[in-house]
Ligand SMILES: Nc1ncnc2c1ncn2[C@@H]1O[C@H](COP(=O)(O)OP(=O)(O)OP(=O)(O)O)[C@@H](O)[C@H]1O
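Given as structure tokens, the chain that follows is alone and in the form predicted alone.
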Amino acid sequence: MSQGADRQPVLEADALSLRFGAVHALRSVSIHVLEGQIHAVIGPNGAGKSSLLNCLSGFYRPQSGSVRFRGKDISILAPHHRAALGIGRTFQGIQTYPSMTARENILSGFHCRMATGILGALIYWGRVRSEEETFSERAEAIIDFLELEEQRHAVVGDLPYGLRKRVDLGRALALEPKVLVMDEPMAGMSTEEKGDLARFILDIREALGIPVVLVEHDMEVVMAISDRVTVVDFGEVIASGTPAEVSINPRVVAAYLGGNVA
């Protein structure tokens, strides 16, 4: 996708610094995710990639710097408040309910969009019934989008790894995010499963209009689907640009890519 200058930032981090005791996880790290953009964050193990995502989604509070969502400073907001604003998140590990069906897991993602409370649910009056029908329709749309029709009533704990990851993504989409933050979504997947997920990430950007920021180690995937790549090493940004630009950056080659990417 074009890097048009008229597109506005959706999620921004400015000069984030994060320490755990004497360990500097992030050193003045900045990243700007634009509308309609797939923005990858890469770097060696321990470089600070997941720490950056945790700062963006509110799980870590940096000692300095700020995080903005659509121009609003959200640095002090808790993770659930950021989720309610529209910052969706998937994690390295699968965060599904294994004893529930795929459909039930996806429905659980709508919790922060529900206007009715426990009392209303117990009475099950008209507004509650209408809301349930609305979210059921949206869940079915996500199931169709992620091609989970045959698994909708399957118990998630019985599904293969790749399909469980897809259900996990479906629950994140149920949040109706304005930006989706993904931490190593393809870890542990087969080549075929990675190809499927890469296609879904592109569709999330193209069909749903949701920008994506992801940490990923598969450089072939990163170079194929990303619009912009930020490279971190020892908690610092050492390069940021298009996939073609970062792949020939001498610091990136020396720190991470070696001879694997031309």
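Since the model is a prediction, treat every value here as computed from it, not as a measurement. Residue positions are given as counts along the sequence shown, with the first one as 1.
There is another form of the same protein, the form predicted in complex with the named molecule; it is not shown, and what comes next is about it.
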item	value
Partner contact for residue 211 in the predicted bound form: the named molecule, 4.5 angstroms, heavy atom	no
Contact test in the predicted bound form: residue 25 vs the named molecule, heavy atoms, 4.5 Å	yes
Partner proximity in the predicted bound form: residue 228 to the named molecule, non-hydrogen atom cutoff 4.5 Å	no
Contact of residue 195 with the named molecule in the predicted bound form (heavy atom, 4.5 Å)	no
Position in contact with the named molecule when the complex is considered in the predicted bound form, options 47, 40, 55, 31, heavy atoms within 4.5 Å	47
Selected contact from 99, 190, 92, 134, since only one has a non-hydrogen atom within 4.5 angstroms of the named molecule in the predicted bound form	92
Contact stretch among 31-39, 63-71, 199-207, 47-55 - heavy atom within 4.5 Å of the named molecule in the predicted bound form	47-55
Contacts with the named molecule in the predicted bound form - residues in 183-218 whose heavy atoms fall within 4.5 Å	184, 217
